[in-house]
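Next up: a single chain in structure tokens, the form predicted on its own.
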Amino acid sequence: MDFNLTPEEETFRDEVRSFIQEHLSPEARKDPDLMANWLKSVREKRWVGFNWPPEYGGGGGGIMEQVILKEEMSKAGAPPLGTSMMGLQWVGPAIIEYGTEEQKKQFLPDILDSKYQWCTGYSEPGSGSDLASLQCKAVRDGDEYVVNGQKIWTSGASYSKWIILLTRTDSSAEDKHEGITCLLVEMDSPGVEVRPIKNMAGSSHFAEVFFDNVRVPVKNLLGEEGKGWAVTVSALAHERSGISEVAGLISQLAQVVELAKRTQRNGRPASEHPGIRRRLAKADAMIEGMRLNGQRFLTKQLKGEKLSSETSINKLHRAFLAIEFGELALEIQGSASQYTSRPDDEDDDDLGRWASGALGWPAVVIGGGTPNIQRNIIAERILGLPKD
């Protein structure tokens, strides 16, 4: 692997840094219209979907520049490049790879313009970790599919306009990965019901989604009928690579370190406690491992190779760190960790912040595949260990 950037890539990094300094100055961050102004500015630069085809509104840039862009934005704590992150990270790339020309023209520009949200209809009550065993059915009826079934743990379903939905169109297939069909469904279609699920922190990021004779036009079929598993694997590989997450994790680690430095424990800073220092060092080493793995995945992409099972390594690391940062921060805070929101008479911005994050970890840890599933994937598909 070559870790050095080309002169052109270095120039692009400087351009991104200058843009951030101009549009995210201390004064700009206080502007109540910050998000609207930011989205307009990054869209004009064609940095939303930077490596997407320009004919559909993307920037037509390279993968390396996309990584540089995400790294610098994450380091600066910048707002997202778009409001539909599910659309940008999962749905858009899937439509680019498997969609028809009509689907690309219909959906890609709207995703880039942050016109509405997307959610993913994957997990079911009896098909969470074993996603390929899903039973939500879609039956062809002329120019439409009729969908019946249920999805659960659907992120953002309560405020999404569209859902990318996995259904079973052939129950007789010997291989459970066959007979799965991917559909693009409007959430306001007759027969779609969304029931929010409140988590331990009191928010409702997840929801149950029910489909009762929902009619979906055949033109909304993504990829081939019965071949939807390939669409899913491609989307999950993008989500699990972790390349763009490392800078964010480095920032989060720095916040925990800062919390430890200014929190007293037995009359001295918590950062001087050997046990806490060990855990911080372990997290630092794990993040560096993620960074190097990300470089390996990036090298494959630059060679035109597809990502597959190896991205589960970073997904597993990310899950561990999501739990560890929350638990470690609560341990550092001691009795103050009982707050789940900042009291009105307290000036400490950390009060309630880490507790809410710790209680909301399932969204990161379970979403996209549980840790045990990632371990199975690593054992079977990378190490070649037997299933039994």
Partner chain sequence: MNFGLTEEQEVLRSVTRRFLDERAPMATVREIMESPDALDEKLWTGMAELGWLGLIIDEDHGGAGLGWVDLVVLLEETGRGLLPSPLISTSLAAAAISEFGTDAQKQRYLPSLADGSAIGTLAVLEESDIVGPDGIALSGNPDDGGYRLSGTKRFVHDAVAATVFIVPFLAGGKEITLGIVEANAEGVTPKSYATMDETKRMADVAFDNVLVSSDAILTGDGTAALARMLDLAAVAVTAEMVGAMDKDLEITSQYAKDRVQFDQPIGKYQGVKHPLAEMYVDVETSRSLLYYAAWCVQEQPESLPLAAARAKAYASESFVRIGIDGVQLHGAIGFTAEYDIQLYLKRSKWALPAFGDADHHYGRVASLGGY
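Positions refer to the first chain, counted from 1. Each form is matched to the other, and the largest set of C-alpha atoms that superpose within 1.5 Å is called the rigid core. Predicted, not measured: the structure shown is a model, and the values here were computed from it.
Below, we refer to the form predicted in complex with its partner chain, which is not included among the displayed structures.
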{"property": "Of Asn220, Ser234, Asn293, Thr83, the one that lies within 4.5 Å of its partner chain in the predicted complex (heavy atoms)", "result": "Asn293"}
{"property": "Sole residue of Ile313, Leu88, Cys136, Ala78 within 4.5 Å of its partner chain in the predicted complex, by heavy atom", "result": "Ile313"}
{"property": "Contact test, all of Met35, Val192 and Leu359, partner its partner chain in the predicted complex, heavy atom 4.5 Å", "result": "no"}
{"property": "Close approach of Arg268 to its partner chain in the predicted complex, 4.5 Å, heavy atom", "result": "no"}
{"property": "Distance check, Asp284 to its partner chain in the predicted complex, heavy atom within 4.5 Å", "result": "yes"}
{"property": "Gly289, heavy atom within 4.5 angstroms of its partner chain in the predicted complex", "result": "yes"}
{"property": "Interface membership of Glu9, its partner chain in the predicted complex, 4.5 Å heavy atom rule", "result": "yes"}
{"property": "Region of this chain that lies against its partner chain in the predicted complex, out of 165 to 173, 298 to 306, 211 to 219, 112 to 120 [heavy atom, 4.5 Å]", "result": "298 to 306"}
{"property": "Residues of stretch 370 to 387 in contact with its partner chain in the predicted complex (4.5 Å, non-hydrogen atom)", "result": "Asn372, Arg375, Asn376, Ile378, Ala379, Glu380, Ile382, Leu383, Gly384, Leu385, Pro386, Lys387"}
{"property": "Did Glu310 shift 2 Å or more between the shown form and the other one, C-alpha, core superposed", "result": "yes"}
